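Okay, so we've got the same protein chain twice, two forms, each given alone as structure tokens, structure 1 and structure 2.
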Structure 1
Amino acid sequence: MTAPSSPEAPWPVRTVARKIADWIGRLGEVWVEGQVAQLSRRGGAATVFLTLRDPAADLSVPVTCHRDVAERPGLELTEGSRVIVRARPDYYVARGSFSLRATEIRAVGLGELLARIERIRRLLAAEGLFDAARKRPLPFAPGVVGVITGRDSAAERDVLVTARRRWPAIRFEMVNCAVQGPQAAQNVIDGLRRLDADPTVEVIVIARGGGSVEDLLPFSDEGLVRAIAATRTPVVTAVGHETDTTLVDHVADVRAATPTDAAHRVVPEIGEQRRLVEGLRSRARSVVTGRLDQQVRWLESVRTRPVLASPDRLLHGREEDVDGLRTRARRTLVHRVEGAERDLEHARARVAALSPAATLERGYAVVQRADGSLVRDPADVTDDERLRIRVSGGRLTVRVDREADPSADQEEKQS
């Protein structure tokens, strides 16, 4: 037993390496599933070297085995093959490296591949990556379309030729990469990230021709599916034939049956759009013409009405009404004035009849003292008192003399 390490008593590197080797050695044999990324057979050497890769984690580990294990009858070991390996973990102390020493290698059959893809599909579906709510609509007429496909492949020609025939102004941003083999999934992921980072790219097409389940296996890679789900740009997949279905078809915004179908879905057909525009233009022209004709008919009907056909006719009618009203007003005013004059004459006659001046005209007189008070009784005046007498013709000043006419006093007393 080695004493525990401490700052005062640290372990040497060889001790740590030896302990790691002991721990790994106690692990025993394990069964490992992966994809053959590299395979090296060196001449007549008894040892075969290969690299086993985990596509979902982008992790690989070196594997060594005896030539008899790698060349077992019925086993076709090639790069890109899916295999199950029984191996013992080994830690090489001198280099500080980890590897697996395989004692048995089995090829993963179609059933195992499909089962593994189904497990990944259920896992990703449970995370909601395939939900319809995540699907984004494609732009109507994108200016730039990103295309990920194999170089000079039939899928590339189908997408480019069909899209340019439908919409000649379309532009492409191409990413040519491996679409088959152990590096295909990572190549597609790198191209997808590059196109998604380009702000001019409005939609991305991932296209590949048909093939076997093993050939299309990179497009069911868990890492690629997650990369498509993380893009901000809508993605269209056109992988394999119409009957082929990979996991990228579930996560893509639109799944096209073939690369040609992808071009049909991404860009509109210019002739069809022209016919649509012409149809809309014709409908708009018809609607506007109909509306104008309707307004012209309404205007004609309005113009035939008397009020607009002969506007002065209404003025003539109103002129007669005004003349009639003016005559009535004049007649009424004259009648009122004449009546007022008669009333005024009557009032004047009554006032004249009741006024003191009319009484004076009949021979009566008004006698006043010097202070203006009226004399109503002869006894109220004294001899030699001066009085003022008002008669119809004017005023007189007199002096009272009782002795001059005694009979007058007697008459006054009698009266």
Structure 2
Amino acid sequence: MTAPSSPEAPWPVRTVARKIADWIGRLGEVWVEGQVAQLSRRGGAATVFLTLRDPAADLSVPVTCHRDVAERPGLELTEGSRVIVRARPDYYVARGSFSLRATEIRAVGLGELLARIERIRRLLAAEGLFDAARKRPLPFAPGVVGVITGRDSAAERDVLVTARRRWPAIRFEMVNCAVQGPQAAQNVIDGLRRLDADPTVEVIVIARGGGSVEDLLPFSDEGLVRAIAATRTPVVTAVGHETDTTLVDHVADVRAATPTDAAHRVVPEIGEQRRLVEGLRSRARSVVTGRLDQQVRWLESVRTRPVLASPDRLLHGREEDVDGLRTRARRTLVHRVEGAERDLEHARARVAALSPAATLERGYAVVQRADGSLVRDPADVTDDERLRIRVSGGRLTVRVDREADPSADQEEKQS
């Protein structure tokens, strides 16, 4: 082993390079997963250079491999494709450059990723985490909205700007965290728990812009999905483009198509609400006024009814009746009186006709005995009987004296 290096006896570069090479070599062969960031095939060169990026940690490492490894049939190696690489650390002493020497590259196909998500989905679906019955309604006008999104991301701006425009009184509880990479899921879970614990937060929005399947992978993380299912506060997700579906979308209470849509779902639009309230208010008023007008018209119609409007008409009626009756009474009376007069006339006439006065007038007389009975036959009377004679001028009393004219009795009988 070479003596330790010191300022007085420094090692030459070659020694240091060799030692580095030894150290690095100790790692041995590894399988590493990552995303192809750059890929360069210089003309016919036997070696292909690429850099392998860790999408979650934003780190990358140079990888070299033989052309055959990179161009293995069926392996469409392009920038951005996810791969699994078997490699051994290599320190190129000549230039002091480090790279992983790959001996095999396998593509982690999109299919593989999606298959993994599908397995998780089916598992969680079986547990009923996605059941519609679990979905909670969103509060109508929440006081505070919890928002989990990338710091200063477009998604964040969309949610905040839109929500404030719709409901200026809205307040936010922001959680800015990584929305990509292995820590993303855990960050979101922590943010979720903190917001869920805060009683003032009435709804939580998880918003993220579009991204590749890999970028959105954290939002299909089983732990995150379970955390969302366990929250007390309703959760709205707006992750990726409308076409992307991540597992959080299935478990969320509401899946918004975009961050802006999330804002629309979470806060009502104040103008619209005011118009709505105004509309209801005026409808209520018009019902009442309509009713009132109707009743006023009814009262008006009742009051103009003759029986009420002109009660004197009643009296008129009665007066007319009375007048009518009076005239009729008078008329009948007059008739009767006239009738009576006529009867009187007749009676008088008859009396006159029957009454002896006229006969007396003509010189006849009525002879009555003391008891008033009429004397029709001299034989009826006795001598010296007192009789009453009525002549037209009056009455006189006489006595019967047969001596005076004995023959008188006979003559009377013959006539």
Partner chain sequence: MSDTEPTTTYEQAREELADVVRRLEAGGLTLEESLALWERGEELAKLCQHWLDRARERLAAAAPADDADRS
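Rigid core (definition): largest C-alpha set, two forms, superposition within 1.5 Å. Just so we're clear, the structure is a prediction, and the values are computed from it rather than from any experiment. Structure 1's sequence is the ruler for residue numbers, which start at 1.
Only structure 2 matches the form predicted together with its partner chain. Relative to the superposed rigid core, the position of the CA of residue 234 differs between structures 1 and 2 by less than 2 Å. In the core-superposed comparison between structures 1 and 2, residue 172 has its Cα shifted by less than 2 Å. In the core-superposed comparison between structures 1 and 2, residue 76 has its Cα shifted by at least 2 Å.
The shift recorded for the CA atom of residue 381 between structures 1 and 2 is 70.2 Å, with superposition on the rigid core.
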